[in-house]
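To begin, one chain is listed below as structure tokens, in the form predicted alone.
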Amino acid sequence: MDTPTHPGIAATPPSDRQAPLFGGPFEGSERAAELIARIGDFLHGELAALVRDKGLDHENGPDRQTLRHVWQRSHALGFYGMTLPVQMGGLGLSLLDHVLVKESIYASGSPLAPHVFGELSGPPRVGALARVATPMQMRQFIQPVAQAEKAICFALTEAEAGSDAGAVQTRARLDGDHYVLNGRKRFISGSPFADMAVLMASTSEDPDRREVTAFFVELDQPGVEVQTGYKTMAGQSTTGDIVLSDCRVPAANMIGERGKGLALALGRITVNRLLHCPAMVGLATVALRDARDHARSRRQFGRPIAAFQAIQHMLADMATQLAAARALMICTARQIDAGGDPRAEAAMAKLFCSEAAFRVADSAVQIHGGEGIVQGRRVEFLFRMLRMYRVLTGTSEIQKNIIARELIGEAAQ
């Protein structure tokens, strides 16, 4: 078998796809290389046709019906649940393979990249819950998500509970065999097209005592309203607020033990922090490729701007930043696969990947010149999207706090 090449990412990519930015051996398994090639066919074939037919782009996303079609097709092809535990139909990928597959999906540049395996609303949201879910919860909530029949979101963030995840003000008061929930969740990814939420609420009777508990909450039931209508700076409408007004949730919907919700939410924080990096690296790859191609074709003073040393140095810096970010991501994945818990390294990866990816996008806009600052151009969107990643899923400053605490130890407490 030929050695797969480095992303951009596909082994012997078809002629209608972009070639890898650089050559080199593929870092993952043969199984991951085969998956990347098959998913690439799906992205550049069926999904590319859907994008054209529906007039989709990164800012004009699909409606719920189209999303469900994408999820169900991905499930039928064996991609949608690939990150689940094996007993739930997952592929048992190593974390390194998972990272490389996800990177390749985002490096495709497809507006549908986040939906191939349900990044915002599918199996990645429920796989870790299987170990604590009851049989009823498996049947009613987890299996329908795993099989692309329903969508789910994760609702933790509030006005006063962001970086301080335990400071949730949403209350869950026990009333017979139900909990009555009141509060507002903000900026919840995937909520506009979700059927249900994994929702965190305080079950403490003392407002000053933290006791965060997780619940499955169906979003079409009385007392729940999903408020949308706002867009992120990237122009997307995939987030919303969940407002709870005397919403009655069966006590049987409580996930795990009372007061253990935050542990469930943060139990895989090292892995989850790392798993945001492939999206940043993949999108930065798109930005670098677009900048390179523009520099080759754009002519000034009688020659391509790629002939000017200023542009060459910018491209070289972009490629080096991207390679360094990618290397840190891969190294951290290997440490976790080896049984480690590299909390500092995962925070470093999230910090460096988000900052480096944004610098790549910023330089891509600069290389495009006037074309790069026009809305509707892909590099302009990538600039805004990658700026968001410096805030999303833990700000750069929070990552630095984590790194320093792991480095200094008890003195940092």
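Being a predicted model, the structure only gives us computed values, none of them experimental. Heads up: residue numbers just count along the shown sequence, starting at 1.
If you look for the form predicted together with a small molecule, you will not find it shown, but the lines that follow are about it.
With the partner removed from view, the residue among 162, 89, 267, 78 that has a non-hydrogen atom within 4.5 Å of the small molecule in the predicted complex turns out to be 162. The partner is absent here, but in the predicted complex a heavy atom of 188, alone among 99, 188, 148, 214, sits within 4.5 Å of the small molecule. Of the candidate stretches 337 to 345, 153 to 161, 69 to 77, 218 to 226, only 153 to 161 contains residues with a heavy atom within 4.5 Å of the small molecule in the predicted complex. Although the partner is absent here, residue 48 is not a contact residue: none of its heavy atoms lies within 4.5 angstroms of the small molecule in the predicted complex. Among heavy atoms of residue 20, none comes within 4.5 Å of the small molecule in the predicted complex.
Although the partner is absent from this view, residue 373 stays clear of the small molecule in the predicted complex, with no non-hydrogen atom inside 4.5 angstroms. Among heavy atoms of residue 239, some come within 4.5 Å of the small molecule in the predicted complex.
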